[in-house]
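Before any questions on how it binds or moves, here is one chain, the form predicted on its own, in C-alpha cells.
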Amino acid sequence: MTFLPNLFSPIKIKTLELANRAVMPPMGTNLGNADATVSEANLAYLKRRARGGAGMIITEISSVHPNGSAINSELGAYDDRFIPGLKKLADVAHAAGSKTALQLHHAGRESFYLLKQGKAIAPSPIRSLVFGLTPREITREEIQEIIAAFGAAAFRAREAGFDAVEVHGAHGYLLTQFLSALSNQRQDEYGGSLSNRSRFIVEVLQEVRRRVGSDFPISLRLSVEECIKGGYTIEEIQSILPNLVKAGADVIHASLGTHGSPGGITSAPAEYEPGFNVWRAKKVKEVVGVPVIAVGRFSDPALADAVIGRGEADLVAFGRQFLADPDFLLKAREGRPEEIRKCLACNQGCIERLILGEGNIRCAINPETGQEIIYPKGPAAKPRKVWVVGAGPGGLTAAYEGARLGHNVTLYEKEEIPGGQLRFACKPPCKSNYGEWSDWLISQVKKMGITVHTSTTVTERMIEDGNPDALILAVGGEIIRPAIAGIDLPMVCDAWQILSGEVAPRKNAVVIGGGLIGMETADFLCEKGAQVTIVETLKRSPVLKITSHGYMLHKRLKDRNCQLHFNTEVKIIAEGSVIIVSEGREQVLSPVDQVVIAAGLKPRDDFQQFLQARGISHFVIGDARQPRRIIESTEEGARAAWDL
C-alpha cells in the first residue's frame, strides 16, 4: 500500500528530478565557524536531516557578500575559499539520497552587528523595524556589485555540487527591502512603482541565470505578502510574478512576512493553523507556470498530501518539523503517523534561542537537534539502575533517553497521570498541542518498556531499599504563595486549580502574577468570559513581545480588555475587592469575585541532602533546579541521561 501518494510522487524541475514533494526549507542554525566556513556541526546537523528522505533540502542562508551577513557565523559563498566546505554540505545530502540547493542571501539592513559597525546597507536610509538602527543608502555602484555577487555565489554553488540554488527574496532581507515601499523610497529606476522596486530582484535572477546556465534550477523564496501595515499584498505581487519567472525563477517558494511583521509570522506560532498560508501559494499558482512551494506551519504529512492533491501547491516545505522529528517522513511513508513527534511551534529552541542570544539552534522537544556531534548513539558502556522521580517533560525525556542508551530505568510520578506541568500548559487557548505532545512522550516511554509507577510518592526508605545506582530528580517546582492579607479567603485559588477545572472561572477575576503562568491563565479566563485584571510586581512584562507567542498573548489580552498593572503589589484581598499599590498610591479594584494566585514556582530540594549524605549519584533537572521553559527541562533531562 502506498501512503500519501501525492506527497511521495516525484517531480521534475528542469533536468532535476526530485523523488518526492517534501522540502526542508532554510533554517538558521548559528552552527557555522566564526570565519563563515562550514563546521563539523553543520555537517552533522544536515546529515541527520538528510536521512529523513526529503526530496529537496535547501541549506540555511549563505552570504553572497562579506558585508551582507546577518550574523558573524553565517555561512559564506562570496569567495572561492568556501567551495570545499560547501561541497561537503552537498555531499552529505547526496549520500543520503536527497537533492540540495544552496540559499543565497544578503541581509541588507537586517544585521545587528553590521548596523552597529555602520556597514549595513539598504535601498533607503530607513531604520530597521527589527533592530531600530538606520542603515546607509546603497549606491548604484554597490547595487551592481551585489547583483554580480549573487551570480558569482550561484556559480560557486554549482561548482560545489549543489543541484540548485535559491535566491532569498523573503522575510525583510535586502531583496524584500527593495520590493517594499516601506523600506524603498528611492527616486531612481530601482524605486517608485512596484515594477521599479522589483527591478533589483529581476536583475539578480538574470545574473544568477547567466552564471549557472539554462539547465540549472533556480528557486526564488519570496514573501508574497508583507503582512505589515502599509506593506504590499499578494494581489500586488501577482502582477510581477510572471516577470520574475521570465528573469530566471524556476520555482516560487511562497513564504510571507518579514522579521518586522507583527506576531513572528515568518515562524508562525501555534496561534496559526497548520497550512494557514496555503491560499497564498494557490494565488501564486494562478499566475505562474512553474512549481510552487507552500510553507506555513506544516507538521502533518497528510495535510501536505491533501494540499498537493488539490492542486494548491506542487511541493510543501516542512521547516521546524524537521527539527522536532527528522524521521517524520519515513514514519509517514511506512504508515506509522502516530509515532511522529509533531512540532509545537513554540519557537523556544529554533527562533527564540537565536534572537535572545542563547546560542546555537535547538528544539524544545528534541534534544538531539543542534547537538548531533555529542548526541550519544549508545548503548552505554555500563548499564545502570536508574530511578527518575517526576514524570513531567524533563523526567519523561530523561527516562526515554536513559532507556534508549540501555539503562534499567524506573519512572515514579506522585500524580495519577504523568505529564507534570504539561497537564496545565495545554489548557490555555492555542496550546492543545502541548497535551498531544505529552501523550506522545508518555507513549514513547511506555514503548521503551520503562516501568512507570503513578500515584506513587518516593520516600527515602524506598530509595534505601531499592538501592538505585543513580537518581534523576525531576520533581518540579513548588507553587509560590505570597504573604498577602486575605489570601486564605474562599474566593482565592491558584492558577493550577483554574486550569485543571478544579475551580470554575467567575465573572470578575484578579490574577496575581504577570509571568507566563499568569498571562496564560488570564487568557484562559478571558476565553471563558471573565473580566480579568493582572497585577505584576515587575516594571514590565516578563513575557516578551518579541517572541511570537508573547506577542499573540499580549494582543489577545488587550483585545479582550484585560487590564495589566505592572510595578504594582497587592496589599489586601478583601471580600469583593482587592487593594493594590503602585508607586506609593493605593487603588481599589472592584468588583472582584475571584483572585487567582499565579506568582510562579520555586525550586524543590526533595532528597538532595539525603542523596548527598549517602553518596548516591543524582541529577536535579527542570523546575526542581530552577523553574523555566520546556526547553531547559528536556535538555537537562536528556543530558542527565547522557551523563549517567
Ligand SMILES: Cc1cc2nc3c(=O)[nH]c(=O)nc-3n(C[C@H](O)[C@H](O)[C@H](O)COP(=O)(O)O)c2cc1C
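In this text, all values refer to a predicted model and were calculated from it rather than measured experimentally. Each residue number is its position in the shown sequence, starting from 1.
Although not depicted, the form predicted in complex with this ligand is the subject of the following passage.
S.K.: Residue 578: heavy atom within 4.5 Å of this ligand in the model of the complex?
M.R.: Taking the distances in the model of the complex, the answer for residue 578 is no, it never comes within 4.5 Å of this ligand.
S.K.: Please determine whether residue 82 contacts this ligand in the model of the complex, using a 4.5 Å cut-off between heavy atoms.
M.R.: Flag for residue 82 set to no.
S.K.: Do residue 319 and this ligand come within 4.5 Å of each other in the model of the complex, heavy atoms counted?
M.R.: Within the cut-off, so yes.
S.K.: I'd like to know whether residue 185 contacts this ligand in the model of the complex, with contact meaning heavy atoms within 4.5 angstroms.
M.R.: Residue 185: no contact with this ligand in the model of the complex.
S.K.: Tell me, which of 232, 78, 298, 437 has a heavy atom within 4.5 angstroms of this ligand in the model of the complex?
M.R.: It is 298.
S.K.: Identify which of 344, 115, 122, 354 has a heavy atom within 4.5 Å of this ligand in the model of the complex; exactly one of them does.
M.R.: Checked against the cut-off, the match is 354.
S.K.: Looking at 204-212, 570-578, 163-171, 473-481, which stretch has residues with any non-hydrogen atom within 4.5 Å of this ligand in the model of the complex?
M.R.: Contact criterion met by 163-171 only.
S.K.: Within 21-51, which residues have a heavy atom closer than or equal to 4.5 Å from this ligand in the model of the complex?
M.R.: Result: 25, 26, 27, 28.
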